[in-house]
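Given as structure tokens, the chain that follows is alone and in the form predicted on its own.
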């Protein structure tokens, strides 16, 4: 009986010393976690949060290189929000992102599904080949595709084979944005393919085997197995893809200089031109436009998060 009582006392959470040891271990774990994230918090504070807060502060001043800053409050926010050119550039950026991101993800998903079925040696060769556009400079790609879009370029040569008249790709308001979207897709689909391939290889083969036994074809397996299990990866690709695509500057700057008639003036190109204007408030105006673009990108990310809800991992 005495032995039974002693065992109960030892197993009871109210035993002397049990609670202090548990609390002490928890505090030690919390301290370790805080120490591990402290360097990142410091870096984010110094290089992200403080510059962002200081930029908001500077946007309330009329900044000139020759005069002392003049406090104007939210005046520049009103100027930017009332600017039709600013909202037109946002629309152009969204149009460019809608052309580039979904198309690039679809092509990458189909290509990754194809690479998954290959042997290891052939798959390794395909992965290296697919990744090559990612190491090409945006400037080089812009010059290359500019030559391809010329009247005597490769693209119009292919059109001549079907007796189609040459198209002024970069000088047409209708075709200029799709023309610069093509190199945008080409530059980004390599990394997207490798990310999707890694995600596909993480899906158990037993899922596909069971579906094939039930008579599911490729597109049915893609719809009911692949896409639902890739939801987290697709969410990441859509958020990062739209954020980067809307901020594209190099392609429209080199290929079309924002033309024709502003058809390829993306938000960053508009801000770049605003900063170069010889006006006393060019710096403040471009800074305020950049902050408002930051808000727009945050809103777009929230919309994507609402449309594509992330799920737990397959093995979670």
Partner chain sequence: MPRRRSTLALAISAAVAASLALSACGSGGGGARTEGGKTVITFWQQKFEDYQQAWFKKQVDAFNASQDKVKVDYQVQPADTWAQKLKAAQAAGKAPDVQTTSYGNIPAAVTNGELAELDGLLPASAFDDIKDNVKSFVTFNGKRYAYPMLVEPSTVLYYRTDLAAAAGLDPKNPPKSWDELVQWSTKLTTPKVKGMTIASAAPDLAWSSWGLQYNACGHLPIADDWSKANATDPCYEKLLQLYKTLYQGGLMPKTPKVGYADGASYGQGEVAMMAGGSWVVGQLKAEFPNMISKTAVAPFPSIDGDQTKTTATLGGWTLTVDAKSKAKQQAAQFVQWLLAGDPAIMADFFKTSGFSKYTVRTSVDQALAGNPDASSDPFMKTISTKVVPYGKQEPAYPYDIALAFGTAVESAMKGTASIPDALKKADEKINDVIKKQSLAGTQPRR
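Numbering follows the first chain given and starts at 1. Since this is a predicted model, take the numbers as computed values, not measurements. Here, rigid core means the biggest group of C-alpha atoms that superpose within 1.5 Å across both forms.
Omitted here: the form predicted together with its partner chain. The next part is about that form.
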property: Candidate from 290, 247, 60, 64 lying within 4.5 Å of its partner chain in the model of the complex - any heavy atom; result: 64
property: Listed residue (171, 103, 232, 243) with a non-hydrogen atom within 4.5 angstroms of its partner chain in the model of the complex; result: 171
property: 4.5 Å heavy atom contact, residue 146 and its partner chain in the model of the complex; result: yes
property: Residue 56 within 4.5 Å of its partner chain in the model of the complex, heavy atoms; result: no
property: 4.5 angstroms heavy atom contact with its partner chain in the model of the complex for residue 283; result: yes
property: is_contact(residue 85, its partner chain) in the model of the complex, heavy atom dist at most 4.5 Å; result: yes
property: Partner-facing stretch of 190-198, 74-82, 157-165, 235-243, counted where any non-hydrogen atom is within 4.5 angstroms of its partner chain in the model of the complex; result: 74-82
property: Contacts with its partner chain in the model of the complex - residues in 262-283 whose heavy atoms fall within 4.5 Å; result: 272, 275, 276, 277, 278, 279, 280, 281, 282, 283
property: C-alpha of residue 280 moved at least 2 Å between the shown form and the other one on rigid core; result: yes
